[in-house]
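Given next, in C-alpha cells, is a single chain: the form predicted alone.
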C-alpha cells in the first residue's frame, strides 16, 4: 500500500501564510515585504515571523536595501524553496485527485 498523500505535506510549507509567501515569491525574481504584507493581509510582525521560519529552513533569502532613501526588504525563493513548493503542490494535487473520485 502506498503512503497517503498527506504524509508529503511539510509543516513548514503547508501553513497557509507561509504557502502564500512561497507561491508569490516563486512567481517573481524577488518580492517586496510591503507587497506580501498587503496581499496576504498580515501585520508586519506576523509576516516577519513567517519569513523567519522560511528563511531558517533555507527556503527563502531575505535582502535588505534601499529604494532611494527608503529602506526596503525583498524576499526571494531558493532552489530548496522551489523544490519544497513543488513537493507540496504535488501532495495537494494527489489529495484533490484522490477525493475527486467520489
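Residue numbers count along the first chain shown, from 1. Everything quoted here is computed from the prediction, not taken from an experiment.
The same protein also exists as the form predicted together with a further copy of the same chain; that form is not shown, yet it is the one meant from here on.
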Quiz item: 58, 48, 76, 39: which sits within 4.5 Å of a further copy of the same chain in the predicted complex by any heavy atom?
Solution: 39
Practice problem: Report whether the minimum heavy atom distance between residue 84 and a further copy of the same chain in the predicted complex is within 4.5 Å. | Solution: no
Quiz item: Does residue 27 make contact with a further copy of the same chain in the predicted complex, using a 4.5 Å heavy atom cut-off?
Solution: yes
Quiz item: Though only this chain appears here, would residue 80 touch a further copy of the same chain in the predicted complex if you measure heavy atom gaps against 4.5 Å?
Solution: no
Quiz prompt | Interface residues of 12-30 toward a further copy of the same chain, as seen in the predicted complex [heavy atoms, 4.5 Å] | solution = 14, 15, 16, 19, 20, 23, 24, 27
